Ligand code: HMG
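Here you get one chain, nothing else, as structure tokens; it is the form predicted alone.
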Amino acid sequence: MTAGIDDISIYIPRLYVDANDFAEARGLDPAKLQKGLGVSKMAIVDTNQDPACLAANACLSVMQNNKLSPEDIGRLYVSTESSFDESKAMNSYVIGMLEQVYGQGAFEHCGGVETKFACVSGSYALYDNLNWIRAGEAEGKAALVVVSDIAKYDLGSSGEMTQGAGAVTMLLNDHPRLLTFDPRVTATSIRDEYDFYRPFGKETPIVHGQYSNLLYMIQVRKALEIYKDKAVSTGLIKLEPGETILDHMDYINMHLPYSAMGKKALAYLVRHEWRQLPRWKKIIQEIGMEEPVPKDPRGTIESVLRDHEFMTKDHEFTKLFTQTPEYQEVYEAKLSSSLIASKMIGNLYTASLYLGFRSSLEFEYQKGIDLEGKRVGFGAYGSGSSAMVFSGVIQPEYKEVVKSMNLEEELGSRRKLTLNEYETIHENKLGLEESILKTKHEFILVNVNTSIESRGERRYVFTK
């Protein structure tokens, strides 16, 4: 039985910080944000928004767009690393909000959980629900997989320039119009790491940036090797001499903590795949320098990062490599469209990979490219750490969905925050009732109980 994505919707908070304003306030070069990191605007939640209401708004959008009733939905999963309760799952909050629109008890038949594994958890939730559909357990019902997060870092930290917020909801069923996932080729890589984590009671994460970036690329490369073996052994893909597995992916979506990281990760994977092929000799001649090798090629990530001579040369080599016509052709054809939304919104943690997929669909369609039958590869990563690589094929009915996609319209009228307003919101100095924007037809948070017997209970309303 086939299974895949029938539709995809997004919800992005309408407050944002402009990268130029942020750079000026922090004494940074604006080019570092806009060109170096690929950050133009960072979406910021209002005082009366949290990850649960972002998720509920994205769910309501996909249900209304497809004229779905609660009886059409059999599962609702929420994946997040912005959870605010260690017991009560976020999907139950979302169901409670949706029932304000559809009626009390309308979703009581709907199973689901909240999943957590940093930014990769949405991909695990997707995989779980695809198998639920393939196994026939869905009995004609659809699944909603929601990825919702608020990427928030300490003021003045290196991560502060890569913030963002939003939710993406994917409607999964056995007759998908957008994309059918390739079965039996999903690959994972996992290890115990502390590259990025958020201990209990801490609102912002502890980040080891360079370590995490390198670990991300290594883990995805390992998962790609496993994916390649599965794709070949199952007969999904036949590799001819001189080909790489990336040659058989028309589009590649990468995890995007910031958009430029996608370009860097793709370059890492392409280098790895091309290194043993005849084409690599020509690349080296074009670049004019040999590919650098660390002093201890089998060493740890820490030893590689301490090898400053290698890191300097590798940075230079990567820069030259990404300027070659061969890499530029791969980048422009397979990745570039997926980065557009990220530049306008920022880091969405679990949702960043799927915002990229949504972005790729819209902007490739606008180019007039026929997407039917194109294979899309996904490189997911979550700190702590795990990677997943999987793929799917764009379906003949994709135009029914993609033709109405309009990112600017979905973002709506956005309100630029002053740096003072941003910092006031960031430091939680305003109450729920002191929101900057007034909303209509959206879920918002209106109360968090502080009494001893009911501490932490949250109440939401759907604004009229």
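Since this is a predicted model, take the numbers as computed values, not measurements. The first residue of the shown sequence is 1; numbering continues from there.
This protein has a second form, the form predicted in complex with this ligand, left out of what is shown; the following refers to that one.
Visitor: Counting only non-hydrogen atoms, which stretch in 24-32, 408-416, 47-55, 61-69 is within 4.5 Å of this ligand in the predicted complex?
Guide: Single hit among the candidates: 24-32.
Visitor: Check each of Y93, F321, F390, Y258 and return the one that places a heavy atom within 4.5 angstroms of this ligand in the predicted complex.
Guide: Contact with this ligand in the predicted complex is made by Y258 alone.
Visitor: Heavy atom within 4.5 Å of this ligand in the predicted complex: which of S359, N173, T162, N129?
Guide: Selected option: T162.
Visitor: Quick one: L37, A118 and N347 and this ligand in the predicted complex, is every residue within 4.5 Å by at least one heavy atom?
Guide: Per the other structure, all of L37, A118 and N347 touch this ligand.
Visitor: If we define contact as a non-hydrogen atom of the residue within 4.5 angstroms of the partner, is V207 a contact of this ligand in the predicted complex?
Guide: Output for V207 is yes: heavy atoms within 4.5 Å of this ligand.
Visitor: Using the partner position in the predicted complex, report whether S383 sits within 4.5 Å of this ligand, counting heavy atoms only.
Guide: Yes, S383 is a contact residue.
Visitor: Tell me, yes or no, whether Y327 is in contact with this ligand in the predicted complex, where a contact means a heavy atom of each within 4.5 Å.
Guide: Y327: no, not in contact with this ligand in the predicted complex.
Visitor: Taking this ligand as it sits in the predicted complex, is H315 near enough to touch it, meaning that at least one heavy atom pair lies within 4.5 angstroms?
Guide: Yes.
Visitor: For the stretch 196-229, I need every residue with any heavy atom inside 4.5 Å of this ligand in the predicted complex, listed N to C.
Guide: Heavy-atom contacts to this ligand in the predicted complex: F196, V207, G209, Q210, S212, N213, Y216.
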